[in-house]
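Given next, in structure tokens, is a single chain: the form predicted on its own.
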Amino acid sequence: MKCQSWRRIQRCLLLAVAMLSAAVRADELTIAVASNFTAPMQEITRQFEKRSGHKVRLAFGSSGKFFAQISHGAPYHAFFSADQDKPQRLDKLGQTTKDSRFTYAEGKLVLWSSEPGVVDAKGTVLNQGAYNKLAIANPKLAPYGAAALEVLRHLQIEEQSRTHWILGENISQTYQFVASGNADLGLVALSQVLKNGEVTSGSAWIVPTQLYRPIRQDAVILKRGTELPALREFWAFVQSEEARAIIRAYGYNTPAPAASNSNNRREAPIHNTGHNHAE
């Protein structure tokens, strides 16, 4: 950069000081995230990094595995779980920062096929058994898998569908089974097939929430992140209206911040493309 006048020199110096200051204060955060929240978290993180100068490293996987890793000392600064149970248990184990826990999203299930016209408007393809393979996440590891099992039980097709199951280790793998054609259908997270309020491909039935218990997802700051100012900045950003709007765009509900632990709900509008089905 050429600085040929005193005014330019001043600007150069100010820019250099600002860059140096940002470099000095930039921190790197390492956060464990439930795989159903991959897309919105990547978008939230991109916006946060642009503004703050901090770097956020994300690890995606099943909440059950993250819980086990964190319980054994895995070096994460924060944890975004797919349920409320595991953050609560980490609270009781003394591995979280006091009063950091909040409900960041309420997820939804969708019956999805990567092919148009396979899933009907009422999801009756499930009852009819007109499929070879049905992918669900492992109910023992993933909250979305537990919710899927509830749906099958509610519809009284758990046993008849069992021989068709392909179990994903987490909801990302479950989605991949369907996207790759290894499964005809899958009960996956709505956020995996929705963008800007529309199902992006294939055919889908958004499972009525009365068929399974609410999938409320809590986040906590872990002990390793307690003293990191950058993490406090990130915590404020992820609870901002800007971040909440991103979350809702992927089909989640976002409880009001002050009432995130009192089970309040806010419904997000869902729009379907002409080739998909929703209820």
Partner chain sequence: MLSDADLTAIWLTLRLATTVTVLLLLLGTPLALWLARTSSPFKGPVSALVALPLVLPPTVLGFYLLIFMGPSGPLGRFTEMLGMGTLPFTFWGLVVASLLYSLPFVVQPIQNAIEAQGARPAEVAATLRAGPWDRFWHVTLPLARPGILTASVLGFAHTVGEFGVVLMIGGNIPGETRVVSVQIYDHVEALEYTQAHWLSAAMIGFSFFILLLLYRLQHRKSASGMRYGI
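Numbering follows the first chain given and starts at 1. The structure presented is a predicted model; accordingly, all values stated were derived computationally and were not measured.
Although it is not shown, the form predicted together with its partner chain is what the next lines describe.
Task: Residue stretch of 169 to 177, 200 to 208, 186 to 194, 146 to 154 approaching its partner chain in the model of the complex, non-hydrogen atom distance within 4.5 Å - done: Looking at the other structure, the answer is 169 to 177.
- [ ] Indicate whether its partner chain has at least one heavy atom within 4.5 Å of a heavy atom of Ser62 in the model of the complex.
- [x] Close contact exists here: in the model of the complex, Ser62 approaches its partner chain to within 4.5 Å, heavy atoms only.
Open item on the list: My question is simply whether Ala249 lines the interface with its partner chain in the model of the complex - judged by any non-hydrogen atom within 4.5 Å.
Closed with: Ala249: no contact with its partner chain in the model of the complex.
Open item on the list: Please determine whether Val125 contacts its partner chain in the model of the complex, using a 4.5 Å cut-off between heavy atoms.
Closed with: Val125 lies outside the contact set for its partner chain.
Open item on the list: My question is simply whether Gly181 lines the interface with its partner chain in the model of the complex - judged by any non-hydrogen atom within 4.5 Å.
Closed with: Yes, Gly181 sits close enough to its partner chain in the model of the complex that at least one of its heavy atoms falls within 4.5 Å.
Open item on the list: Going by heavy atom distances of 4.5 angstroms or less, which of Ser113, Thr103, Thr97, Asn138 would be at the interface with its partner chain in the model of the complex?
Closed with: Selected residue: Asn138.
Task: Contact residue in the model of the complex, from Ala26, Ala39, Leu58, Ala68 (heavy atom within 4.5 Å of its partner chain) - done: That would be Ala68.
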